[in-house]
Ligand code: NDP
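Heads up, the chain below is alone and in the form predicted on its own; it's given as structure tokens.
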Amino acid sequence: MAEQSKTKTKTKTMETVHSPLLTYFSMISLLTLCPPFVILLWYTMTHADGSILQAFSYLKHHGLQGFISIWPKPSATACKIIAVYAAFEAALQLLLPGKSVQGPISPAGNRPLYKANGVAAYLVTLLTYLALWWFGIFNPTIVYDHLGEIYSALIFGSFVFCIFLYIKGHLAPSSTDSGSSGNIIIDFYWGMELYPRIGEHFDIKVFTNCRFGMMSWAVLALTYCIKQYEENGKVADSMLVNTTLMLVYVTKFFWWEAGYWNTMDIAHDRAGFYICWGCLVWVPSVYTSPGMYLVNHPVTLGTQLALFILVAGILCIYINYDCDRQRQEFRRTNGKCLVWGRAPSKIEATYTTSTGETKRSLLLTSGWWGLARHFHYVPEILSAFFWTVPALFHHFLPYFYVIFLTILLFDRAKRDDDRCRSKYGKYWKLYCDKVPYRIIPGVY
């Protein structure tokens, strides 16, 4: 969609669209179940041979005390690693030069300004990490060896951080895009502020989502690869495929970071447990889990199969990128561009703001966006499958991320459709008539 204007001057109390899959009670369940699951995932991958049955058998015989005994305590080493990493990424976010980029106009009429230096931060981070290892200053295997302690420290530290965000939202909101639902659980889970900042320049969601969460994905992917090399004297082709595809995907993310600031995560979801704790804990643990499994389970794929998986994964990542690029170009040119060599098909829609103003939007209905309203989720899910499939099918758990991502994106597509239906009314119906499938062309 390319919008001429989205200005709204009246602040809404709660802009979040609540998913039918996340009721009040499921919020409480996620708040209580996510932290133990992260520890169980780490324990199963690193101490139970990746076997859910083996981990379940241990817990069945030892009960709650057994679970308490496997929960690692946050060590001083783990806390130091997290603190140094967080400080380093925060410094890069603040100090590296970058082009100023405006985000979308918020529901309250604010337009956040960002500094697009994600690619520079990404390159500096990875080169610094590899240089520290190469010159013997810091061995990344230390991160793997203390991984459980790191996750444990992140679990508790990120809860404290989310409490800080909740208090800040009440006492010192950064903008008028803030407010309470009147329910402490909902406010803590979904967040109080849309664009919380420390000072004028340090955007908290950019830090949690991009510079801590997504950056840690790349750092841990390298860590797992180096750990296998240090242990075995070589890196299996399965690990090379997994690591390469993950790094290509994260590289694509930072190349496209300015576009990410227009997505639901940044422009619509507030800074609460759902987004911030998820990026600080869930991304480093769950998103990297296929590589975590491969460290101690090297698989030899053979050159032909390895290349096939690698090429297929890169192709999916490219299509995912091209979907976003196509929409960005359509927005940037106000529909005056070529889509697959032709003038784009579009719907001119109008909507009414909270102040009664009538605004105009363009809805793209050709190219990738003519196949399905959220077709870009298909190559994203397939990308995750291709960097997981090097683990083959000996155990189910390495595929948890693929399953989780599928559920997450299908739910997100439903939430986005509900939001657009409420915003555009009859024009959204016209759009859905022209692009009838939500995600999978011809199926759903």
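Bear in mind that the values here come from a model prediction, so they are computed numbers and not experimental data. In case it trips you up, residue 1 is the first one in the sequence shown, and so on.
The next section is about a form of this same protein that is not shown, the form predicted in complex with this ligand.
Chemist: Counting only heavy atoms and a 4.5 Å cutoff, which of 370 to 378, 136 to 144, 156 to 164, 78 to 86 contacts this ligand in the predicted complex?
Modeler: In the other structure, the partner sits against 370 to 378.
Chemist: Is every one of L364, R419 and Y424 within 4.5 Å of this ligand in the predicted complex, counting heavy atoms?
Modeler: Yes.
Chemist: Out of L31, L405, I70, L59, which one falls within 4.5 Å of this ligand in the predicted complex, going by heavy atoms?
Modeler: Answer to the contact question: L405.
Chemist: Sort through W256, Y318, F202, Y229 and report the residue having a heavy atom within 4.5 Å of this ligand in the predicted complex.
Modeler: Residue within 4.5 Å of the partner: W256.
Chemist: Hey, in the predicted complex, is R412 touching this ligand, heavy atoms inside 4.5 Å?
Modeler: R412: yes, in contact with this ligand in the predicted complex.
Chemist: Just checking whether L123 would be counted as a contact of this ligand in the predicted complex - the rule being heavy atoms within 4.5 angstroms.
Modeler: Output for L123 is no: heavy atoms all beyond 4.5 Å of this ligand.
Chemist: Please determine whether Y43 contacts this ligand in the predicted complex, using a 4.5 Å cut-off between heavy atoms.
Modeler: Residue-level check for Y43: no, no contact with this ligand.
Chemist: May I ask you to state whether N262 is within 4.5 Å of this ligand in the predicted complex, using heavy atom distances?
Modeler: N262: contacts this ligand in the predicted complex.
Chemist: So which bits of 286 to 304 sit within 4.5 Å of this ligand in the predicted complex, heavy atoms only?
Modeler: Heavy-atom contacts to this ligand in the predicted complex: only Y287.
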